[in-house]
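First, one chain by itself in structure tokens, the form predicted alone.
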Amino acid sequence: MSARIAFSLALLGSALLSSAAMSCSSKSNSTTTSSATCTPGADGSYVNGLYDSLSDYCMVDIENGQVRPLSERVVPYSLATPLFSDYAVKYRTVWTPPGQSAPYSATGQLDLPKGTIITKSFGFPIDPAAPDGAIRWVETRIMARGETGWLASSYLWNDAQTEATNQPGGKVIPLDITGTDGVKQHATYLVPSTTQCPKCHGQEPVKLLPIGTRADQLTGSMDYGHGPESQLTHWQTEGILTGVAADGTGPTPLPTWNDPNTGDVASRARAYLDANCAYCHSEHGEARTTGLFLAFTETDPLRLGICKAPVAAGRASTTNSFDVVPGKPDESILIHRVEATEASIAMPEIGRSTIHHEAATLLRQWVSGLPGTCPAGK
């Protein structure tokens, strides 16, 4: 379900150029890398402070409108159900230093070793009628495991798409978007600042952790040049993981939210909530005090919000009494917040400025199919 993206290239290009001209506070590395000679990680000093330029990492560049890895050991990957970000196209890669790997784990985030670099690039199709064509890339986010924990920042691509520069202060970029349902929306796309990264990646008491590097998100296949191959198997082949099963199987895959072949309405709706909400709504996330826990593995109806009164929703609850009311999406606070764009009401709090209509439809179907009734509310 690719969205059609329409926006002014001149406006976006100007925004990116002005952003790249802003001063940066990260660690400087003056070495200019090239796709022919560079080594992922460069001199390794990023473990103490991120580089100013994306090219210094020798992870990815852009060729013919597509992001590409700069080394065979820079491994692309995809997630079963990714986070929604205003219909942005995303391209992910991971690299670990030679000889450094993570033990396979069927649950939780993979414990990737010191020196690991993860990239996630965000862009929008240049031609709205060709969503699989050339992309105007806006930013590439870096997460690197340093000496004392994970470091993260966003790098803004210049108008020529030849370099991306660290933007610790973030940026808001206006876009106009038409979703697959034909609804036009105006987006204020957020390039997050470094101070905003813990909003999603903070897991008390750890300041930052990756979100998507879980085995159940990585159970799918990808073509690495020789036909479809298990991602987990390929990660082991490249030395990123150890202990993967010989046949490449992992845990039960997280359903793909928009693919009915991967699960029923309930399981796909729950997968969407897991990917888009559970990093906060978990025992160690920022929303841990709400009592609403949205991990795919959660089994307690009350903790899932069913007939649960909000802790402190304020205006966000409108006149509704419960987070989720079985059979009644219009009376469910969760649906109200997923369909809101006002900053004080919308959930997630950051990362989207538009309504993900297709996902909202799925969540409504899930709530509509829930059995039972709630007690009389306020």
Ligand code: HEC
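In this text the structure is predicted, and so the values were computed from the model without any measurement. One rule holds for the numbers: they count along the sequence shown, beginning at 1.
FYI, the form predicted together with the named molecule isn't displayed, but the following is about it.
Undergrad: Thinking of the named molecule in the model of the complex, which stretch from 256-264, 222-230, 240-248, 75-83 has heavy atoms inside 4.5 Å of it?
TA: The contacting stretch here is 75-83.
Undergrad: Find the only residue in Gln100, Gln196, Thr188, Thr178 having a heavy atom within 4.5 Å of the named molecule in the model of the complex.
TA: Contact residue from the list: Gln196.
Undergrad: Can you pick out, from Thr213, Gln203, Gln236, Gln161, the residue that has a heavy atom within 4.5 Å of the named molecule in the model of the complex?
TA: Contact check passes for Thr213.
Undergrad: Is every one of Arg92, Ala152 and Asn276 in contact with the named molecule in the model of the complex, taking contact as a heavy atom within 4.5 Å?
TA: Yes: each residue has a heavy atom within 4.5 Å of the partner.
Undergrad: Applying a 4.5 Å heavy atom distance criterion, does Cys280 contact the named molecule in the model of the complex?
TA: The answer is yes: Cys280 has a heavy atom within 4.5 Å of the named molecule.
Undergrad: Decide whether Ala42 counts as a contact residue for the named molecule in the model of the complex under a heavy atom distance cut-off of 4.5 Å.
TA: Judged by the heavy-atom cut-off of 4.5 Å, Ala42 is well away from the named molecule in the model of the complex.
Undergrad: Residue-level question: is Pro348 within 4.5 Å of the named molecule in the model of the complex, judged on heavy atoms?
TA: Close contact exists here: in the model of the complex, Pro348 approaches the named molecule to within 4.5 Å, heavy atoms only.
Undergrad: Any chance Thr290 has a heavy atom within 4.5 Å of the named molecule in the model of the complex?
TA: Taking the distances in the model of the complex, the answer for Thr290 is yes, it comes within 4.5 Å of the named molecule.
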